[in-house]
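Quick setup: one chain, the form predicted alone, written in structure tokens, and binding and motion questions come after.
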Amino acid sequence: MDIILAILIGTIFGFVLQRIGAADPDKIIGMLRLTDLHLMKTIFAGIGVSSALLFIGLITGIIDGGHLSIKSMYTGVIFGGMLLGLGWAISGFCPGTGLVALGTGRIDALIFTLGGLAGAGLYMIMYGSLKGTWLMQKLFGGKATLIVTSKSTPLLDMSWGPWLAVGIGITMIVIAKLLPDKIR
């Protein structure tokens, strides 16, 4: 049943990405050049709504923080993020939008996906030699979050930390509303 739910949610997510233009490299590059802000508005709104709802759920106890999957933060994540951003700017695809574009039959998305798989394979091969290096040293205690959960180190160990997180989410929604669609 879990795999069916994952396929259903993934299909809906892919459909939405396609409909908003996130699988179009010209739209993504327009966003990165700050000329077409439609996708940026959508991303800000999506992150803002989901963040606000998540933290409200945690505050009210509707969501158990112990069920959150928190990935470790280490130095290599910073370099990997920069590499991802560079690839995103050059290709016009991020991993998710590249797969959606591949589903539409784009040849450039096929090349992007094959390159991503080659990079992931290279990382798997190199992981053993990278494991003990400074790239894999944990930052902020490894699993850092804004608020306290059973699996993380809080960056803000304050009673108002969750409300700050809700405020950040709402701020992102407001920014999404205020941004123009295009800048000429």
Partner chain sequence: MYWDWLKGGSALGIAFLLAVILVKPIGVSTQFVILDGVIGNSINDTLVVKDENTKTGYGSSNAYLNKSGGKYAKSVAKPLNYSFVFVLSMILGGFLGRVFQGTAPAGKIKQLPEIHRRRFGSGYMARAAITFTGGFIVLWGARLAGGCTSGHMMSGMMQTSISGYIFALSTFAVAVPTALILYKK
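Note that the rigid core is defined as the largest set of C-alphas that superpose within 1.5 Å between two forms. Owing to the predicted nature of the structure, the values given are computational and were not obtained by experimental measurement. Positions refer to the first chain, counted from 1.
We do not show the form predicted together with the partner chain, though everything after this point is about it.
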Open item on the list: Can you tell me whether Gly10 touches the partner chain? I mean in the model of the complex, with a 4.5 angstroms heavy atom cut-off.
Closed with: yes
Open item on the list: I'd like to know if Thr60 sits close to the partner chain in the model of the complex, meaning any non-hydrogen atom pair within 4.5 angstroms.
Closed with: no
Task: Contact test in the model of the complex: Arg33 vs the partner chain, heavy atoms, 4.5 Å - done: yes
- [ ] Although the partner chain is absent from this view, report whether Gln137 comes within 4.5 Å of it in the model of the complex, heavy atoms only.
- [x] no
Open item on the list: Heavy atom within 4.5 Å of the partner chain in the model of the complex: which residues of 8-38 meet that condition, in order?
Closed with: Ile9, Gly10, Thr11, Ile12, Phe13, Gly14, Phe15, Val16, Leu17, Gln18, Arg19, Ile20, Gly21, Asp24, Pro25, Asp26, Lys27, Ile29, Gly30, Met31, Leu32, Arg33, Leu34, His38
- [ ] Would you say whether Trp163 is displaced between this form and the one not shown, judging by a C-alpha shift of 2 Å or more on the superposed rigid core?
- [x] yes
